[in-house]
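Below you will find one chain, with nothing else, as structure tokens; this is the form predicted alone, and questions on how it binds or moves follow later.
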């Protein structure tokens, strides 16, 4: 490792890599330092079950990966990234064999929703889709005066509501309500809380604007494309290099930390003012996850044909079932019938498994730090809507919340969002500040998902942190 750089990035998740790219494009020398043997954070893929079966360790489907204003400007296709778009983006099955089916076309989607709700769904998604890029410009970053106030107002009227209130006001039938609940549950907070509707609206909108694609070859393909691009810009990587203290880093004018407050306190706490340390200590982490990867000898035998064509399936039943299961997790209990978020990438990407075989990626939410084995519960939920699924399993691999933390120390207690994303901690993460990426220490910045706009593979936290650093340290402006 060289002894001096303009900027050092600690952590190589999507935000760390985005920060590196932003600094490199501004003409700065950059080193990315990663504790693990491979870079990527949540964008890693491995043979977890059997040789030849490629599983995504954490993130699998990437609506924000393709819709991100930052990633959209990068020549990642030239560096090997290929997106695959399933014919059905999302399916939400019910016990009677029916399902709500989300396709890229809003018109095609409303045909699977009760006629009483088709007009409301069409109107909502048509309005949000037409305004998405204006909305994204205002919400995928720090709190500031909106550049597109009318678009933001149109979004915000619904977004500030709870998912429960929004669904009951807009939809009359259980199919549309349950579909929205599954989308909103990605917030990982109770659906009766304010702002949970925002997650449902955004994910639903992205389905019709850009789709919910999967990267060919696994999420590692995103990492490799970013690695290739960074290398072409002159960036350098150092893996197997854990950082215990800022004093271990090479000299630099700026240090950007793609880590959460807990690790920041560990490696930089002695340099932080007491008042700032206390704020980081008060930072709240959210619920965890339990994931199972399956290797199967055939596709999942869903009762509904639309589910067999879907990249993602939300398995949770009715709105009330999802509401109850998410409430139980929040209160520290593991529900018997959790919402299971499932992806079946090998149906559309033959590189994921041997010919005729398949991979299945499935997880549910759990209390933070839970080590309870939820494998059988997840299997039972899938079997409920796909009788015979258990007979297709030839191997499986499970990870509880603490396994996720061991895999990536940013996932505190299994929290894959970098902290609770409620009204108290959405734009005010990790502290209340108009410049949340900047710490009181000169040249030290935070670029992880513990800053706005939060969790997801979008790179926007890293871009905004690097933008702030370029302005403060180098007197330069960074643009998307």
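Only a predicted model underlies this, so the values are computations on that prediction, with no experimental measurement involved. Positions refer to the first chain, counted from 1.
Below, we refer to the form predicted in complex with a small molecule, which is not included among the displayed structures.
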Original post:
For the chain shown here without its partner, which stretch in 373-381, 406-414, 153-161, 324-332 has non-hydrogen atoms within 4.5 angstroms of the small molecule in the predicted complex?
Top reply: 406-414
Original post:
Among 67, 60, 446, 420, which has at least one heavy atom within 4.5 Å of the small molecule in the predicted complex?
Top reply: 60
**OP:** Identify, from the list 387, 242, 149, 250, the residue with a heavy atom within 4.5 Å of the small molecule in the predicted complex.
**Re:** 242
Original post:
residue 460 near the small molecule in the predicted complex, any heavy atom under 4.5 Å?
Top reply: no
Subject >> Distance check, residue 129 to the small molecule in the predicted complex, heavy atom within 4.5 Å >> reply: no
Original post:
Is residue 103 a contact residue for the small molecule in the predicted complex, using a 4.5 Å heavy atom cut-off?
Top reply: no
Subject >> the small molecule contact in the predicted complex: residue 10, any heavy atom under 4.5 Å >> reply: yes
